[in-house]
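A single chain comes next, written as structure tokens; it is the form predicted on its own.
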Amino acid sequence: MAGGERIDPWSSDQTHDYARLIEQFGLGTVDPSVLPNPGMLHRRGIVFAHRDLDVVLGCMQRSEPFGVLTGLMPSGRMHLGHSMVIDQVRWFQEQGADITVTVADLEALATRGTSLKDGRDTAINEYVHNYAALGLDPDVTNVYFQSSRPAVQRLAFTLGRRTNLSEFEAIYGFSGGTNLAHVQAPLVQVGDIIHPQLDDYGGLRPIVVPVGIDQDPHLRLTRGIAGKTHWFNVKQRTEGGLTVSLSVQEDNQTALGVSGGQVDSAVRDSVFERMAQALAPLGYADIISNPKYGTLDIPGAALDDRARVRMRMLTLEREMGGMGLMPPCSTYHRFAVGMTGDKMSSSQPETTIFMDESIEDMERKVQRSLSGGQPTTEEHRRLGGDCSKDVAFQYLQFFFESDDGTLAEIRSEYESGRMLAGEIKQVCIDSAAEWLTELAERREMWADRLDEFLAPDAV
């Protein structure tokens, strides 16, 4: 990507220049002060960026429905890095979201050779089991498998017509040597992200997807494709307010009043009457229609009204025969460093702590983890520890210490040199042991109830 960096969702390399990523990819920054009961990851700046989070916040304020979607790759064991997403999903759940969980068993089969049977066993007994222990509610959670939900594959093919290999090259860096499974996988993910809006899976509503920043290419692809299906575009007016303009395409010309390259005035007038009727419940005093040029102006609308206007137009689009798809919202979290200073990975056990890790193995890993302490006690007392490099501190910050005041005190003691590297590791070990013990107890509680999380087509 000229003048910037391409994010690769399959790479083991991770960039930590988050400010540059925000600027380069046009992300919004997360302000915890505007969130209802912000979670630990929000308060500490770990969830740092978003796309259209304000749309979801509006639903929370108005008690309107919205959903959250997450996915899992059914291979390997679940580790701490995976829990960051579930922490965010649980927060959305607490604010009223329904939850859809994608088991990417087709992608695991295509890219990792994991059989559908093995993928199912791993998904339920490893991931869903821990999701339950981490606090997801089966009453609002539906876990499904890509292989048993044909609607996802149908959407992937249908929406695949809205993109091309050039766009894939720009977003993902694909080339002539790219494995076709890698080309197919993002389209299936588009189907995963979009399909909860279908009438059979909850209906039209905003869907938010919490991910690490490395997964943003999938969100950009999905948002771009969804936007290309719209019959009505909602944009800000130069003079203030909003404009709704028709997007005449090959498959909607007749419905929008275009016949033989000419505007059918009767049909077009009828379309604009329906548009005005759809917007009437929002209570705007002035709506200016211009059927000939295919625009409708709402001078009194604020920019914050855009999501509600768009929802009205998407509903009308569906009534008229269109797909009516809302682009997904998303949030992005920072990466937690691996125990060795590298990326966390299930295939490299020394880089992470697993959900079912024994206390003894966890203690050994923390004791060997990368330290931010100084080479000698004398230097450490004088210079203090570096929390930005210290794995034990970062694991307290990301996972194990929920009290902000306690964490701030630990930081102060360590950076001042009063707390030694071995001492902060012991604090981390004690907190992690308590966390793992409680998680194991909650797993035991859910051991015979995991089928409660499965969608009807996953049983």
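The numbering used is simple: start at 1 and walk along the sequence shown. Every value quoted in this text rests on a predicted model; they were computed, and no experiment measured them.
There is also a form predicted in complex with a small molecule; it is not shown, and the following applies to it.
Listed residues Ala432, Ile424, Leu69, Val47 were compared with the small molecule in the model of the complex; Leu69 is the one with a heavy atom within 4.5 Å. This chain lacks the partner; the member of Asn130, Gln146, Gln197, Ser330 within 4.5 angstroms of the small molecule in the model of the complex by a non-hydrogen atom is Gln146. Of the candidate stretches 272-280, 184-192, 245-253, 162-170, only 184-192 has residues with heavy atoms within 4.5 Å of the small molecule in the model of the complex.
By the criterion of a heavy atom within 4.5 Å, Ala104 is counted among the residues contacting the small molecule in the model of the complex. Although the partner is absent from this view, Met73 contacts the small molecule in the model of the complex, with a non-hydrogen atom inside 4.5 angstroms.
Residue contact check for Val209: one or more of its heavy atoms lie within 4.5 Å of the small molecule in the model of the complex. Contact annotation: Gln215 falls within 4.5 Å of the small molecule in the model of the complex, judged by heavy atom distances.
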